[in-house]
Ligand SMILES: Nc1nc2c(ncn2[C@@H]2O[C@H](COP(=O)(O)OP(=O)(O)OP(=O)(O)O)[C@@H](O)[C@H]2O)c(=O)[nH]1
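Shown next as C-alpha coordinates: one chain only, the form predicted alone.
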Amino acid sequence: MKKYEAGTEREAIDKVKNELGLDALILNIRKTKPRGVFSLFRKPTVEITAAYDPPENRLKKIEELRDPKQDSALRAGSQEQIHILEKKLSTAEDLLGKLMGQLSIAQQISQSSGARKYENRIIQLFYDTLVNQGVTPEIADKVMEDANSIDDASKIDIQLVSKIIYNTILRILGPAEPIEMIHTKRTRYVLFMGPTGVGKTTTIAKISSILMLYHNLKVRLMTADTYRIAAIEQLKTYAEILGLDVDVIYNSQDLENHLDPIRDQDNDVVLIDTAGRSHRNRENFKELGELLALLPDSVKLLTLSMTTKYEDMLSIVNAYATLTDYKLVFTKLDETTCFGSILNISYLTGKRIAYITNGQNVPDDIKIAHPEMITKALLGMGGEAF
(Lines give C-alpha, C1' and ligand atoms only; values in the text may rest on other atoms or scores of the structure.)
Protein backbone atom coordinates (compact mmCIF):
# COMPACT_ATOMS: atom_id res chain seq x y z
CA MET A 1 0.00 0.00 0.00
CA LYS A 2 1.48 3.38 -1.04
CA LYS A 3 0.54 7.04 -0.99
CA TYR A 4 0.89 9.42 -3.94
CA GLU A 5 0.63 13.20 -3.91
CA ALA A 6 0.05 15.54 -6.83
CA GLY A 7 -1.50 18.85 -7.74
CA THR A 8 -4.66 17.28 -9.18
CA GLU A 9 -6.55 14.03 -8.83
CA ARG A 10 -5.76 13.10 -12.45
CA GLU A 11 -2.01 13.59 -11.92
CA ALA A 12 -2.11 11.49 -8.75
CA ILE A 13 -3.99 8.68 -10.53
CA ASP A 14 -1.44 8.80 -13.37
CA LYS A 15 1.33 8.29 -10.82
CA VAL A 16 -0.47 5.25 -9.45
CA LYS A 17 -0.97 3.77 -12.93
CA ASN A 18 2.62 4.43 -13.98
CA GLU A 19 4.15 2.78 -10.93
CA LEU A 20 1.64 0.08 -9.95
CA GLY A 21 -0.22 -0.51 -13.24
CA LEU A 22 -3.89 -1.13 -13.92
CA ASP A 23 -4.13 -3.80 -11.21
CA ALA A 24 -3.79 -1.18 -8.48
CA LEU A 25 -6.82 -0.32 -6.37
CA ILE A 26 -7.65 3.17 -5.10
CA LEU A 27 -8.35 2.97 -1.36
CA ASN A 28 -8.69 6.62 -0.50
CA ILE A 29 -8.62 10.05 -2.18
CA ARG A 30 -7.98 13.05 0.07
CA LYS A 31 -7.56 16.71 -0.79
CA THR A 32 -5.21 18.62 1.51
CA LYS A 33 -5.08 22.36 1.95
CA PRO A 34 -1.70 24.03 2.53
CA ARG A 35 -1.01 25.34 6.01
CA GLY A 36 1.34 27.84 7.57
CA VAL A 37 2.43 31.37 6.83
CA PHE A 38 2.85 30.85 3.10
CA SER A 39 -0.34 28.82 2.59
CA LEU A 40 -1.89 31.60 0.47
CA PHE A 41 0.82 31.14 -2.11
CA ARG A 42 0.55 27.35 -2.39
CA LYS A 43 -2.11 25.32 -4.15
CA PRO A 44 -4.07 22.46 -2.57
CA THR A 45 -2.80 18.96 -3.27
CA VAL A 46 -4.42 15.57 -3.72
CA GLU A 47 -3.24 12.50 -1.82
CA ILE A 48 -4.22 9.05 -3.06
CA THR A 49 -3.72 5.85 -1.11
CA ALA A 50 -3.41 2.87 -3.47
CA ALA A 51 -2.88 -0.83 -3.00
CA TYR A 52 -1.30 -3.38 -5.28
CA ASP A 53 -1.74 -7.11 -5.03
CA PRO A 54 1.23 -8.97 -6.58
CA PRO A 55 0.36 -11.63 -9.20
CA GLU A 56 1.43 -14.46 -6.91
CA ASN A 57 -1.05 -13.28 -4.25
CA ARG A 58 -3.87 -13.07 -6.78
CA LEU A 59 -3.15 -16.59 -7.97
CA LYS A 60 -3.35 -17.76 -4.37
CA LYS A 61 -6.72 -16.01 -3.91
CA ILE A 62 -8.01 -17.51 -7.15
CA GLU A 63 -7.11 -20.94 -5.82
CA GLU A 64 -8.99 -20.18 -2.61
CA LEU A 65 -12.08 -18.97 -4.50
CA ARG A 66 -12.15 -21.77 -7.06
CA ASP A 67 -15.41 -23.60 -7.58
CA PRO A 68 -16.03 -25.89 -4.57
CA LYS A 69 -16.65 -28.91 -6.84
CA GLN A 70 -13.24 -28.47 -8.44
CA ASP A 71 -11.63 -27.99 -5.05
CA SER A 72 -13.20 -31.14 -3.66
CA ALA A 73 -12.03 -33.11 -6.69
CA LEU A 74 -8.49 -31.80 -6.36
CA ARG A 75 -8.16 -31.91 -2.60
CA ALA A 76 -10.42 -34.78 -1.61
CA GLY A 77 -9.00 -37.02 1.07
CA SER A 78 -9.16 -37.92 4.69
CA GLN A 79 -7.00 -35.01 5.86
CA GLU A 80 -9.36 -32.45 4.32
CA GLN A 81 -12.41 -34.15 5.81
CA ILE A 82 -10.77 -34.26 9.23
CA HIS A 83 -9.94 -30.55 8.97
CA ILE A 84 -13.58 -29.69 8.13
CA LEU A 85 -14.90 -31.76 11.03
CA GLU A 86 -12.42 -30.21 13.45
CA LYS A 87 -13.46 -26.73 12.32
CA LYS A 88 -17.15 -27.52 12.84
CA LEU A 89 -16.48 -28.98 16.28
CA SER A 90 -14.37 -25.98 17.25
CA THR A 91 -17.12 -23.57 16.20
CA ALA A 92 -19.75 -25.52 18.13
CA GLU A 93 -17.55 -25.67 21.24
CA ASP A 94 -16.85 -21.93 21.07
CA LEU A 95 -20.55 -21.13 20.77
CA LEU A 96 -21.55 -23.44 23.60
CA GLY A 97 -18.76 -22.14 25.81
CA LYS A 98 -19.83 -18.54 25.28
CA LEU A 99 -23.47 -19.39 25.89
CA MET A 100 -22.66 -21.22 29.13
CA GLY A 101 -20.58 -18.26 30.25
CA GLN A 102 -23.53 -15.95 29.68
CA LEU A 103 -26.13 -18.21 31.22
CA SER A 104 -25.74 -17.25 34.88
CA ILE A 105 -25.43 -13.54 34.03
CA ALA A 106 -28.57 -13.59 31.87
CA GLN A 107 -30.46 -15.46 34.58
CA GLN A 108 -29.49 -12.89 37.21
CA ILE A 109 -30.53 -9.99 34.96
CA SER A 110 -33.89 -11.58 34.15
CA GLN A 111 -34.66 -12.33 37.79
CA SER A 112 -33.63 -8.91 39.07
CA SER A 113 -35.59 -7.05 36.41
CA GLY A 114 -38.65 -9.27 36.63
CA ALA A 115 -38.55 -9.53 32.83
CA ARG A 116 -38.09 -13.27 32.60
CA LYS A 117 -40.39 -14.66 29.91
CA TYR A 118 -39.48 -18.36 29.71
CA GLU A 119 -39.36 -20.85 32.59
CA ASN A 120 -36.40 -22.60 31.00
CA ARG A 121 -33.29 -20.53 31.63
CA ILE A 122 -31.49 -21.80 28.50
CA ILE A 123 -34.31 -20.68 26.21
CA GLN A 124 -34.51 -17.41 28.15
CA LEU A 125 -30.80 -16.89 27.49
CA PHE A 126 -31.26 -17.29 23.74
CA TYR A 127 -34.28 -15.00 23.78
CA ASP A 128 -32.39 -12.30 25.71
CA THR A 129 -29.38 -12.62 23.41
CA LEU A 130 -31.47 -12.07 20.28
CA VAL A 131 -33.42 -9.15 21.75
CA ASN A 132 -30.16 -7.52 22.86
CA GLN A 133 -28.95 -7.90 19.27
CA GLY A 134 -31.94 -5.85 18.07
CA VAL A 135 -34.25 -8.71 17.09
CA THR A 136 -37.84 -7.68 17.83
CA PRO A 137 -39.47 -9.56 20.75
CA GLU A 138 -42.14 -10.93 18.39
CA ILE A 139 -39.57 -12.44 16.01
CA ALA A 140 -37.42 -13.68 18.90
CA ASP A 141 -40.53 -15.50 20.18
CA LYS A 142 -41.00 -17.14 16.77
CA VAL A 143 -37.38 -18.32 16.84
CA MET A 144 -37.94 -19.88 20.27
CA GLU A 145 -41.14 -21.77 19.34
CA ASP A 146 -39.62 -25.09 18.25
CA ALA A 147 -37.15 -25.21 21.13
CA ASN A 148 -39.83 -24.31 23.66
CA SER A 149 -42.14 -27.05 22.38
CA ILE A 150 -39.81 -29.95 23.27
CA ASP A 151 -40.39 -31.83 26.54
CA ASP A 152 -39.00 -30.40 29.78
CA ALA A 153 -36.42 -33.16 30.17
CA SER A 154 -34.90 -32.28 26.79
CA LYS A 155 -34.81 -28.55 27.54
CA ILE A 156 -31.95 -29.00 29.98
CA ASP A 157 -29.74 -30.21 27.11
CA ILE A 158 -28.13 -26.95 26.00
CA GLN A 159 -26.59 -28.63 22.96
CA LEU A 160 -30.02 -29.81 21.74
CA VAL A 161 -31.70 -26.46 22.44
CA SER A 162 -28.91 -24.50 20.75
CA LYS A 163 -29.05 -26.78 17.72
CA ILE A 164 -32.81 -26.27 17.33
CA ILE A 165 -32.54 -22.48 17.64
CA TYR A 166 -29.47 -22.33 15.40
CA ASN A 167 -31.28 -24.27 12.66
CA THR A 168 -34.42 -22.13 13.05
CA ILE A 169 -32.42 -18.98 12.34
CA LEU A 170 -30.74 -20.67 9.37
CA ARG A 171 -34.16 -21.48 7.91
CA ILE A 172 -35.34 -17.88 8.29
CA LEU A 173 -32.23 -16.47 6.62
CA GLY A 174 -32.17 -19.09 3.90
CA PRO A 175 -29.15 -19.69 1.66
CA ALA A 176 -27.09 -16.76 0.43
CA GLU A 177 -27.82 -15.74 -3.16
CA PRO A 178 -24.84 -13.80 -4.55
CA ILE A 179 -24.16 -13.14 -8.23
CA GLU A 180 -23.24 -16.37 -10.00
CA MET A 181 -19.50 -16.38 -10.66
CA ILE A 182 -19.75 -18.18 -14.02
CA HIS A 183 -19.52 -17.43 -17.72
CA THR A 184 -22.84 -17.51 -19.56
CA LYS A 185 -23.88 -17.08 -23.19
CA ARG A 186 -25.95 -14.00 -22.44
CA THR A 187 -25.13 -10.77 -20.66
CA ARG A 188 -26.45 -10.59 -17.10
CA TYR A 189 -27.54 -7.27 -15.61
CA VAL A 190 -27.32 -6.53 -11.90
CA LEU A 191 -29.08 -3.37 -10.72
CA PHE A 192 -28.25 -1.79 -7.35
CA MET A 193 -31.03 0.14 -5.59
CA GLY A 194 -31.32 1.89 -2.26
CA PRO A 195 -31.33 5.21 -0.41
CA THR A 196 -28.54 7.77 -0.65
CA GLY A 197 -25.44 7.11 1.41
CA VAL A 198 -25.82 3.37 1.98
CA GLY A 199 -22.68 2.47 0.00
CA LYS A 200 -24.01 1.31 -3.37
CA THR A 201 -21.10 2.69 -5.42
CA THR A 202 -18.41 1.24 -3.17
CA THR A 203 -20.22 -2.11 -3.11
CA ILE A 204 -20.29 -2.14 -6.91
CA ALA A 205 -16.55 -1.48 -6.98
CA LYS A 206 -15.93 -4.40 -4.61
CA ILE A 207 -18.11 -6.83 -6.56
CA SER A 208 -16.75 -5.80 -9.97
CA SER A 209 -13.19 -6.33 -8.68
CA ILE A 210 -14.03 -9.83 -7.46
CA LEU A 211 -15.85 -10.80 -10.67
CA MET A 212 -13.02 -9.59 -12.87
CA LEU A 213 -9.87 -10.39 -10.89
CA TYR A 214 -10.85 -13.68 -9.27
CA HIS A 215 -13.35 -15.14 -11.74
CA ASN A 216 -12.08 -13.73 -15.04
CA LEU A 217 -15.49 -12.38 -16.04
CA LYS A 218 -15.89 -9.51 -18.50
CA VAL A 219 -17.55 -6.72 -16.50
CA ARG A 220 -19.04 -3.42 -17.57
CA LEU A 221 -20.31 -0.63 -15.35
CA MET A 222 -23.23 1.74 -15.82
CA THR A 223 -24.44 4.57 -13.59
CA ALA A 224 -27.79 6.27 -13.52
CA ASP A 225 -26.79 8.25 -10.42
CA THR A 226 -26.53 11.52 -12.33
CA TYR A 227 -27.82 13.52 -9.37
CA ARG A 228 -24.42 13.36 -7.70
CA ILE A 229 -21.31 14.27 -9.67
CA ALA A 230 -19.20 12.70 -6.94
CA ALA A 231 -20.88 9.32 -7.48
CA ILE A 232 -20.04 9.35 -11.20
CA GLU A 233 -16.44 10.38 -10.56
CA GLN A 234 -16.05 7.78 -7.83
CA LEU A 235 -17.26 4.98 -10.09
CA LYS A 236 -15.12 6.24 -12.98
CA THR A 237 -12.06 6.24 -10.74
CA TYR A 238 -12.60 2.62 -9.74
CA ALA A 239 -13.39 1.68 -13.34
CA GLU A 240 -10.23 3.30 -14.68
CA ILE A 241 -8.03 1.47 -12.20
CA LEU A 242 -9.68 -1.83 -13.11
CA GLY A 243 -9.66 -1.08 -16.84
CA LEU A 244 -13.46 -1.19 -17.12
CA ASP A 245 -15.86 0.84 -19.26
CA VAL A 246 -18.49 3.07 -17.64
CA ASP A 247 -21.68 4.27 -19.32
CA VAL A 248 -23.54 7.23 -17.84
CA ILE A 249 -27.32 6.88 -18.16
CA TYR A 250 -29.53 9.96 -17.80
CA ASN A 251 -32.97 8.41 -18.38
CA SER A 252 -34.74 5.26 -19.54
CA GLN A 253 -34.41 6.21 -23.22
CA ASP A 254 -30.67 6.63 -22.75
CA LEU A 255 -30.48 3.17 -21.17
CA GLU A 256 -32.40 1.66 -24.08
CA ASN A 257 -29.92 3.22 -26.54
CA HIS A 258 -27.01 1.58 -24.69
CA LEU A 259 -28.42 -1.94 -24.44
CA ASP A 260 -27.89 -3.17 -28.00
CA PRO A 261 -24.21 -2.10 -28.24
CA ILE A 262 -23.55 -3.72 -24.86
CA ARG A 263 -25.08 -7.02 -25.98
CA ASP A 264 -22.86 -6.99 -29.07
CA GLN A 265 -19.72 -6.64 -26.94
CA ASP A 266 -20.06 -10.02 -25.25
CA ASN A 267 -20.05 -8.80 -21.63
CA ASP A 268 -20.61 -11.37 -18.88
CA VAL A 269 -22.01 -9.00 -16.25
CA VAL A 270 -23.16 -5.38 -16.33
CA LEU A 271 -23.43 -3.72 -12.91
CA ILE A 272 -25.75 -0.71 -12.79
CA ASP A 273 -25.60 1.98 -10.10
CA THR A 274 -28.86 3.88 -9.59
CA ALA A 275 -29.48 7.19 -7.87
CA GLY A 276 -30.30 7.12 -4.19
CA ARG A 277 -34.09 7.19 -3.96
CA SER A 278 -36.13 8.42 -1.05
CA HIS A 279 -38.79 5.78 -0.46
CA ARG A 280 -41.23 8.66 0.13
CA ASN A 281 -40.63 10.36 -3.25
CA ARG A 282 -43.05 8.92 -5.81
CA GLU A 283 -41.52 10.82 -8.74
CA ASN A 284 -38.08 9.30 -8.07
CA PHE A 285 -39.63 5.86 -7.83
CA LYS A 286 -41.37 6.40 -11.15
CA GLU A 287 -38.00 7.05 -12.84
CA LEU A 288 -36.52 3.94 -11.27
CA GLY A 289 -39.55 1.92 -12.39
CA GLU A 290 -38.91 3.00 -15.99
CA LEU A 291 -35.34 1.69 -15.79
CA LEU A 292 -36.50 -1.58 -14.25
CA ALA A 293 -39.06 -2.09 -17.03
CA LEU A 294 -36.24 -2.21 -19.60
CA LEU A 295 -34.39 -4.94 -17.65
CA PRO A 296 -37.10 -7.35 -16.46
CA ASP A 297 -34.69 -10.29 -16.13
CA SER A 298 -32.02 -8.39 -14.22
CA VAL A 299 -30.91 -9.21 -10.68
CA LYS A 300 -32.02 -6.45 -8.32
CA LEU A 301 -30.02 -5.82 -5.16
CA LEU A 302 -31.53 -3.54 -2.53
CA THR A 303 -28.70 -2.05 -0.48
CA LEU A 304 -29.40 -1.22 3.17
CA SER A 305 -27.11 0.33 5.76
CA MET A 306 -26.95 -1.22 9.23
CA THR A 307 -26.75 2.32 10.62
CA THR A 308 -30.33 2.98 9.46
CA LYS A 309 -33.02 2.77 12.14
CA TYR A 310 -34.99 -0.47 11.94
CA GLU A 311 -38.31 1.35 11.52
CA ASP A 312 -36.92 3.31 8.56
CA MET A 313 -35.37 0.17 7.13
CA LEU A 314 -38.76 -1.54 7.23
CA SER A 315 -40.38 1.39 5.40
CA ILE A 316 -37.67 1.22 2.73
CA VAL A 317 -38.02 -2.50 2.01
CA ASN A 318 -41.80 -2.21 1.85
CA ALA A 319 -41.61 0.72 -0.57
CA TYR A 320 -39.19 -1.03 -2.92
CA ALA A 321 -41.31 -4.18 -2.80
CA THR A 322 -44.02 -2.24 -4.65
CA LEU A 323 -41.57 -1.78 -7.54
CA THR A 324 -39.90 -5.14 -7.99
CA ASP A 325 -38.60 -8.30 -6.40
CA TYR A 326 -35.08 -8.04 -4.99
CA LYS A 327 -32.29 -9.56 -2.93
CA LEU A 328 -30.64 -7.79 -0.03
CA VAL A 329 -27.21 -6.32 0.60
CA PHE A 330 -26.43 -5.10 4.12
CA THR A 331 -23.59 -2.57 4.41
CA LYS A 332 -21.59 -0.92 7.21
CA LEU A 333 -21.63 -3.87 9.59
CA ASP A 334 -18.35 -2.50 10.95
CA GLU A 335 -20.25 0.52 12.31
CA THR A 336 -22.56 -1.42 14.63
CA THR A 337 -22.50 -4.24 17.17
CA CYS A 338 -26.19 -5.14 16.75
CA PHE A 339 -27.18 -7.30 13.80
CA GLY A 340 -30.79 -8.04 14.66
CA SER A 341 -32.17 -5.98 11.78
CA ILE A 342 -30.79 -8.58 9.37
CA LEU A 343 -32.95 -11.29 10.92
CA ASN A 344 -35.95 -8.96 11.29
CA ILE A 345 -35.93 -7.91 7.64
CA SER A 346 -35.29 -11.46 6.40
CA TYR A 347 -38.19 -12.79 8.47
CA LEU A 348 -40.67 -10.07 7.48
CA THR A 349 -39.83 -9.91 3.76
CA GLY A 350 -38.76 -13.46 3.00
CA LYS A 351 -35.98 -11.98 0.84
CA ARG A 352 -32.61 -13.69 0.47
CA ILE A 353 -29.36 -11.91 1.31
CA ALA A 354 -26.61 -11.69 -1.29
CA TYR A 355 -23.76 -9.85 0.46
CA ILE A 356 -22.70 -8.06 3.60
CA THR A 357 -20.01 -5.38 3.72
CA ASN A 358 -17.91 -4.41 6.71
CA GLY A 359 -15.61 -1.57 5.66
CA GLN A 360 -14.43 0.70 2.84
CA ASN A 361 -11.53 -1.38 1.54
CA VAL A 362 -11.93 -2.52 -2.07
CA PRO A 363 -12.36 -5.42 -2.68
CA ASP A 364 -11.67 -7.01 0.70
CA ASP A 365 -14.46 -5.68 2.91
CA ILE A 366 -17.32 -7.66 1.40
CA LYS A 367 -18.53 -11.19 2.09
CA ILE A 368 -21.12 -13.54 0.70
CA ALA A 369 -23.92 -13.55 3.29
CA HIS A 370 -23.56 -17.13 4.47
CA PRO A 371 -26.37 -17.77 6.98
CA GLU A 372 -24.05 -19.68 9.34
CA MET A 373 -21.87 -16.59 9.71
CA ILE A 374 -24.84 -14.30 10.43
CA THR A 375 -26.39 -16.80 12.86
CA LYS A 376 -23.14 -17.01 14.79
CA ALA A 377 -23.13 -13.23 15.20
CA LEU A 378 -26.76 -13.14 16.30
CA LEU A 379 -26.18 -15.76 18.96
CA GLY A 380 -23.66 -13.68 20.83
CA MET A 381 -20.43 -14.05 18.91
CA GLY A 382 -20.51 -10.37 17.97
CA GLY A 383 -18.59 -8.70 15.14
CA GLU A 384 -15.90 -11.40 15.28
CA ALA A 385 -18.14 -13.48 13.02
CA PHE A 386 -17.59 -10.93 10.23
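The first residue of the sequence shown is number 1, and the count goes up from there. Since the model is a prediction, treat every value here as computed from it, not as a measurement.
Below: the form predicted together with this ligand, not depicted.
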Exercise. Quick one: is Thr168 in contact with this ligand in the predicted bound form, heavy atoms, 4.5 Å cut-off?
Worked result: no
For this session: Answer yes if any heavy atom of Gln133 is within 4.5 Å of a heavy atom of this ligand in the predicted bound form; otherwise answer no.
Result: no
For this session: Using a 4.5 Å heavy atom cut-off, state whether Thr331 contacts this ligand in the predicted bound form.
Result: yes
Exercise. Is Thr196 close enough to touch this ligand in the predicted bound form, meaning at least one heavy atom pair within 4.5 Å?
Worked result: yes
For this session: Would you kindly say which of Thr129, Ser162, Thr187, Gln234 lies with a heavy atom within 4.5 Å of this ligand in the predicted bound form?
Result: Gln234
Exercise. Looking at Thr324, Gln360, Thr49, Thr45, which is the one with a non-hydrogen atom within 4.5 Å of this ligand in the predicted bound form?
Worked result: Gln360
Exercise. Which of 133 to 141, 150 to 158, 188 to 196, 172 to 180 has heavy atoms within 4.5 Å of this ligand in the predicted bound form?
Worked result: 188 to 196
